[in-house]
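What follows is a single chain, given as structure tokens, in the form predicted alone.
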């Protein structure tokens, strides 16, 4: 009788854990190339004062991963290498990230696609390396303003997401929709446009969480949170300001 009770209790804990996880929104904070070390340590102290029921992931510059001491926040990275260990000067492998307790990693950000000329095939390799280390990839996809004006949004997203089709355990990947023309500009698509894209992604990848990014902040969250299909947000500029993050999270609750 005791063993049956314990088994039932364990099953119940797993069910409750799944429900708890499923109900949480994912708030990923991308610090990009910001903060000197003293600034980061002060920022981290302020960030640790935030208490929230949602899943918050901090992605600092890779230099600070080893000094990150987070209380209620998960640790993420902004990038990883396509390769494993070896003679790859300047690269940071998924296994090295894992050794620093990194649990999430951004891949395919538009800034890297543009500035580092990252291809879809390279991004696919990065995702594979991360999954091998049980690190959750956050895959960024999105269109340019020109592509939107030419009504190529669906085509671009299908091309960027096609890399998932040959990946095992692809349901573990978080997809972040970031219209490139919106990043850092303060401009965002209409709720209808965002909803259309989120639904397109979820129709093809129904098991994946989908975030919205691109100028999401404490000023527009009241409008964005009306889109029930969004599972969370990838935050850039606002991530540098703990007080704005707190305001964003408070408004998200209302």
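Bear in mind that the values here come from a model prediction, so they are computed numbers and not experimental data. Positions refer to the first chain, counted from 1.
Same protein, other form: the form predicted in complex with a small molecule, not shown, and the subject of what follows.
Peer 1: Within 4.5 Å, heavy atoms only, which of 131, 75, 161, 183 is in contact with the small molecule in the predicted bound form?
Peer 2: Spelling it out, the residue with a heavy atom inside the cut-off is 183.
Peer 1: With the small molecule left out of view, choose which of 103, 91, 111, 147 has a non-hydrogen atom within 4.5 angstroms of it in the predicted bound form.
Peer 2: Contact check passes for 111.
Peer 1: With the partner left out here, check for me: in the predicted bound form, does some heavy atom of residue 213 sit within 4.5 Å of the small molecule?
Peer 2: Flag for residue 213 set to yes.
Peer 1: Taking any heavy atom pair closer than or equal to 4.5 Å as contact, tell me whether residue 230 reaches the small molecule in the predicted bound form.
Peer 2: Output for residue 230 is no: heavy atoms all beyond 4.5 Å of the small molecule.
Peer 1: How about residue 178 - does it come within 4.5 Å of the small molecule in the predicted bound form, if we only consider non-hydrogen atoms?
Peer 2: Heavy-atom contact with the small molecule at 4.5 Å: present for residue 178.
Peer 1: For residue 234, is any heavy atom within 4.5 Å of the small molecule in the predicted bound form, or not?
Peer 2: So residue 234 counts as contacting the small molecule.
Peer 1: Of 214 to 222, 198 to 206, 59 to 67, 38 to 46, which is the one stretch near the small molecule in the predicted bound form, taking non-hydrogen atoms within 4.5 angstroms as near?
Peer 2: Contact-bearing stretch, as computed: 214 to 222.
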